[in-house]
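Only one chain is given next, in structure tokens, and it is the form predicted alone.
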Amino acid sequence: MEGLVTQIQGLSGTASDVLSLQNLLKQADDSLHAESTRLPPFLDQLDPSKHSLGYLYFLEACTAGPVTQEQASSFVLTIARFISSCVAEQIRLAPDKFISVCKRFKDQVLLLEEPLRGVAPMLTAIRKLQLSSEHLTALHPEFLLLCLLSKCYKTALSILDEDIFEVDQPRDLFLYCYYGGMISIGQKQFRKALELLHNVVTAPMSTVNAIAVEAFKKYILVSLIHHGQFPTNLPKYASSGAQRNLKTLCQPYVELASSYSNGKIADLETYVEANKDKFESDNNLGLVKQAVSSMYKRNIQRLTQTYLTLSLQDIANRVQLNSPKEAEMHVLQMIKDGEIYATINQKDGMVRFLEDPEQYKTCEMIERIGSSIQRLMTVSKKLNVMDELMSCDPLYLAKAGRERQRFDFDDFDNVPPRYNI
């Protein structure tokens, strides 16, 4: 081990030396794991900011075995310091090792019941592993899980706001979108949550997986909260397995959506109470209650399409609220959230519904529209490039050829008749 440490110290200077060191470390990997209990003292002889690749191999071997809570406390500090100071170009030569170390780091902070300690180091690890912000790494789901468990939602938004075009493993995409959807729900960003959960349930899958099933349950509930309805069928581009099986596997939630569409709050509350244990065991009871509460909002929004003015008492009666005061609280909250435009006359308890005051001609609005158009143009160009690359990919063409019908008559020109009749 002493000789290997010396070689690490001597071959960490130039890019060519680091490549030579990489070959040596690959050959020594089995020996490192066999001697894992002897390795911690050697870490003190290496500088993670200079000998990043060698340090990574030693650290990965050190943490490969079972770790006690006392050891976890020590390793968390060591790994956090390594992530902070390591050289990105060196650790990218052994991405699997780096990912393994970071995943064990996540496991150890969870063992210590301190997920918040892992958030900042894991974000740093993602940035060092990524070749670009469009690359989804295996560490993205781990980072989002730590943000979710520590309720550090705002930190996660910096990652969720980035457009992803490169994915290494399908499971990483499923978990990234599922955890991201849950974080967006926690931030009350229901449109973003719907987008992420939609990606899970419509992603290509040969068989329906547990992540898609759980995502579909939340997808139904968030659809009710945000849109006030749930589409009966998944889009055509969803996998056949998802279209056949998801509704069956999430039957209580499909029935909840059906009850919601009737617009009768009493029937919906009765159904929720009858299935409370099921929703609670799925950890979705809070979201179900938000869906029930949103029905009041939907019913109030329907009133704005019919009436110009209504008393708070009339609103309470029509929406099935207990009192005018409760109706006032709902209307005020909806005005604050921009869901309706109205004024309340406190003297006579009358509500006047107004049109949307936005004229869409202010400088700020024009700038927002321009920014959205620019982003759409960028995404469109990216998709065109990806489409061209896929259409030339030998693996894709071979698979498409195998699945195609043996004869496709559209590929042949019409043969003129030999004789005119």
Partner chain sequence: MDLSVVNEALASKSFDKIADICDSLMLQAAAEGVPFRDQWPFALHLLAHIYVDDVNSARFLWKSIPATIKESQPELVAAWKIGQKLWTRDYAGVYEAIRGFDWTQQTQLLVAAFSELYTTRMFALLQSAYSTISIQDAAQFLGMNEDDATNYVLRQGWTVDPTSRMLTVTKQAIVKEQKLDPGKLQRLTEYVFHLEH
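Remember, it's a predicted structure, so these values are computed and weren't measured experimentally. Residue numbers count along the first chain shown, from 1.
There is another form of this protein, the form predicted together with its partner chain, and it is not shown here; the text below is about that form.
**OP:** With heavy atoms only and a cut-off of 4.5 Å, decide whether Ser31 touches its partner chain in the predicted complex.
**Re:** It does not: once its partner chain is placed as it appears in the predicted complex, Ser31 has no heavy atom within 4.5 Å of it.
**OP:** Would you check, heavy atoms only and a 4.5 Å threshold, whether Phe279 touches its partner chain in the predicted complex?
**Re:** Taking the distances in the predicted complex, the answer for Phe279 is no, it never comes within 4.5 Å of its partner chain.
Original post:
For Gly180, is any heavy atom within 4.5 Å of its partner chain in the predicted complex, or not?
Top reply: No, no contact at 4.5 Å.
**OP:** Determine whether any heavy atom of Arg191 comes within 4.5 Å of a heavy atom of its partner chain in the predicted complex, and answer yes or no.
**Re:** Contact check for Arg191: no, nothing within 4.5 Å of its partner chain in the predicted complex.
Original post:
Between the options Val254, Leu234, Ala80, Val292, which residue brings a heavy atom to within 4.5 Å of its partner chain in the predicted complex?
Top reply: Contact check passes for Ala80.
Subject >> Listed residue that, although its partner chain is not shown, lies within 4.5 Å of it in the predicted complex (heavy atoms), from Glu328, Asp314, Glu162, Glu214 >> reply: Of the listed residues, the single hit is Glu328.
**OP:** Go through 55-63, 40-48, 23-31, 358-366 and give me the stretch that gets within 4.5 Å of its partner chain in the predicted complex, heavy atoms only.
**Re:** Heavy atoms within 4.5 Å of its partner chain in the predicted complex occur in 358-366.
Original post:
With the partner left out here, if you bring back its partner chain in the predicted complex, are Pro170, Asn275 and Gln301 all within 4.5 Å of it by some heavy atom?
Top reply: Answer is no for this spot.
Original post:
From first to last in sequence, which residues of 125-148 have any non-hydrogen atom within 4.5 angstroms of its partner chain in the predicted complex?
Top reply: Going through 125-148 in order - heavy atoms within 4.5 Å of its partner chain in the predicted complex - there are no hits.
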